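Listed next as structure tokens is one chain, alone, in the form predicted on its own.
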């Protein structure tokens, strides 16, 4: 599906469907919707609003019957004007595309620039969200199905006659394509079966698709680096662990950021084996890895004045005669010793070395992304992700940006008492403790492997893989945190703040 902006009236573009909008409770239509209404004998006012009682509630769609040469009109509800956000525009567009894409007669769709009129939102941001929504709306992972999901829409056009808004919309469409393609790439990685996606194939994918300088370190090279914690987790698998380091460097970076993604390509729990029902979707345990690969791909096209290191310690956590065991004591890269209390708390063990590796790069801040704890799922469900770290100012900034992107993060506490359950009689720390406060305890554990660099930890365990469709209609891999990370890294280069 081609998405583009055209500097034309919405009525001058030949299309099978015209998409306009109404805010909740509007009785007298104006703007582009009013122009379309007048052109078609006030059908929106007289029929849709007055007779059919269309309310304009958010996500409400009304499809007018054929009105002119097989052309239809879709009226989309924007909800209350004061509650409209650019993220809502993305989700609404996804619903519109999902509604229209299977209809044979719909090949060209033209839409108003939702939100940029009396909604008062940034035209560039609105166009970006329309583009993201359209590409998200057509997404499906049907690689292994004999019957593929089809999209009959060939063109999705944003009509705008105002010169400045049109130029902004064009720029927004291009950004939206980069972001959406990166998110969908990550979704494909996460949805992929672990029989095909394991450390070696993930590393090859990163080399071929990150679009930046990428180094892949093998087991022997990682061992020389002293990354014993990472290697211990992967030693039960037939697939060799891989350390992946992707690097984007502009000419004059204003700052340096490392993003570290948990890369457990399959988590059986190790010798502390998971029950079958919990193991079924454990291909998603590399959602953090998929996120950082997607983010740095997008960064390579957006080209912010920020140096970015994306790091993945990729391995499988499997049970075998060579697997690491409960009670083992492992010396991590920092020299800190870890007593293995539970082999199924493996993500934090790999991240301990990956975070230490990232800090050695001399970056200004570090963000890790991980499907880390079941405790975070219990606390926040699939509605929000957890966030912790050692810098409250940066955490608050990230949460604010994420909210604008339509992603919810809730700060969990890192009180010292949460670390009491990690005390060990034979090592510097255990890798896990009791059930209570488990997400915060995991955050405390990770903090011990960061010496001084500002650091944010994102626990996406409950939001990364969904068992029912979200607001975009996405089930399975959600691609969570990618949009927020891209915006967080590039925001100083962006003139759109709403």
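Residue numbers count along the first chain shown, from 1. Bear in mind that the values here come from a model prediction, so they are computed numbers and not experimental data.
One more form of this protein, predicted in complex with a small molecule, exists but is not displayed; see below.
Run the contact test on 267, 342 and 348 with a 4.5 Å heavy atom cut-off to the small molecule in the predicted bound form and return yes or no. Answer is yes for this spot.
Is residue 128 part of the interface with the small molecule in the predicted bound form - any heavy atom within 4.5 Å? No, residue 128 sits far enough from the small molecule in the predicted bound form that none of its heavy atoms falls within 4.5 Å.
Test of understanding: in the predicted bound form, would residue 274 fall inside 4.5 Å of the small molecule by heavy atoms? Yes, residue 274 sits close enough to the small molecule in the predicted bound form that at least one of its heavy atoms falls within 4.5 Å.
Even though the small molecule is not shown here, does residue 461 get within 4.5 Å of it in the predicted bound form, heavy atoms only? Yes - in the predicted bound form, heavy atoms of residue 461 and the small molecule come within 4.5 Å of each other.
Hey, in the predicted bound form, is residue 182 touching the small molecule, heavy atoms inside 4.5 Å? Residue 182: no contact with the small molecule in the predicted bound form.
Taking the partner as it appears in the predicted bound form, which of 174-182, 388-396, 138-146, 372-380 has residues with heavy atoms within 4.5 Å of the small molecule? Among the candidates, contact is made by 372-380.
405, 153, 231, 282: which sits within 4.5 Å of the small molecule in the predicted bound form by any heavy atom? The residue from 405, 153, 231, 282 that makes the contact is 282.
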